[in-house]
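Listed next as structure tokens is one chain, alone, in the form predicted on its own.
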Amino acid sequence: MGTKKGTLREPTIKDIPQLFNVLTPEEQKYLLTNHTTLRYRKNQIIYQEGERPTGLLCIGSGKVKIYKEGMMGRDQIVRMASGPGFIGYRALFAHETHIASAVVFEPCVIFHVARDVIMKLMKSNNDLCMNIIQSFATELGFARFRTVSLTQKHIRGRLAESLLVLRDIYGYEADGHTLGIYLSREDLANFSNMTASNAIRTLTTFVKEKALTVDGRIIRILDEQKLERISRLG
């Protein structure tokens, strides 16, 4: 997938700074020569529940959803991710199989760093280990926060919170109001732990309250403070 004239250059693993900015020049060179660049189309599976990870997955660009298959065919989206970022590393470092699946939401460039490569770097660089621990701790805190929210908040609070989380992950388009992610009603419901019909009804209520507008999959947030208040009150 070459870079077309007039478009931004394709990302490289150098664009993943969160963990690797502590590497020495020699370690950076080792990483750059010992990774694989993978390209995925929309709706392609990156990994499936039950599979064993073979390396660290670094998102260079694109958007990914991580979901858990639920009862009666209903999925639960447990995380939305984008580049630059990391996915699938819990199972890698726990030496376990994946407990959820990852699918491409928008075309992705992903860098695969084999297990032995990342382990060698960790053994030689204590700061890299601390960065990984910090990433684990941050994700664990967010997961616990979402677990409580999605089980204790009412439908309005859950949906408002999900919209704000999507804002924090993907930001806005150039107009400063349109969410930078276009989810189906089903995906939005699966991210908010509710049925699609409840998500549709609640979105309609938010529109009537002038908190947002909806045009197909395009959601424009008009009143952040109102959504934050609804999320806070649950």
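When you see a residue number, it is the position in the sequence shown, counting from 1. Since the model is a prediction, treat every value here as computed from it, not as a measurement.
Just so you know, the form predicted in complex with a further copy of the same chain exists too; it's not on screen, but the next bit is about it.
a further copy of the same chain is not drawn, but in the model of the complex it has no heavy atom within 4.5 Å of residue 229. In the model of the complex, a further copy of the same chain stays beyond 4.5 Å of every heavy atom belonging to residue 112.
Although the partner is absent here, residue 156 lies well away from a further copy of the same chain in the model of the complex, with no heavy atom inside 4.5 Å. At a distance threshold of 4.5 angstroms between non-hydrogen atoms, residue 75 is in contact with a further copy of the same chain in the model of the complex. The three marked residues, 95, 143 and 152, each reach a further copy of the same chain in the model of the complex, with a heavy atom inside 4.5 Å. Taking 117, 164, 132, 103 one by one, only a single residue has any non-hydrogen atom within 4.5 Å of a further copy of the same chain in the model of the complex, and it is 132. Residues from 192-211 that approach a further copy of the same chain in the model of the complex with a non-hydrogen atom within 4.5 Å are limited to 193.
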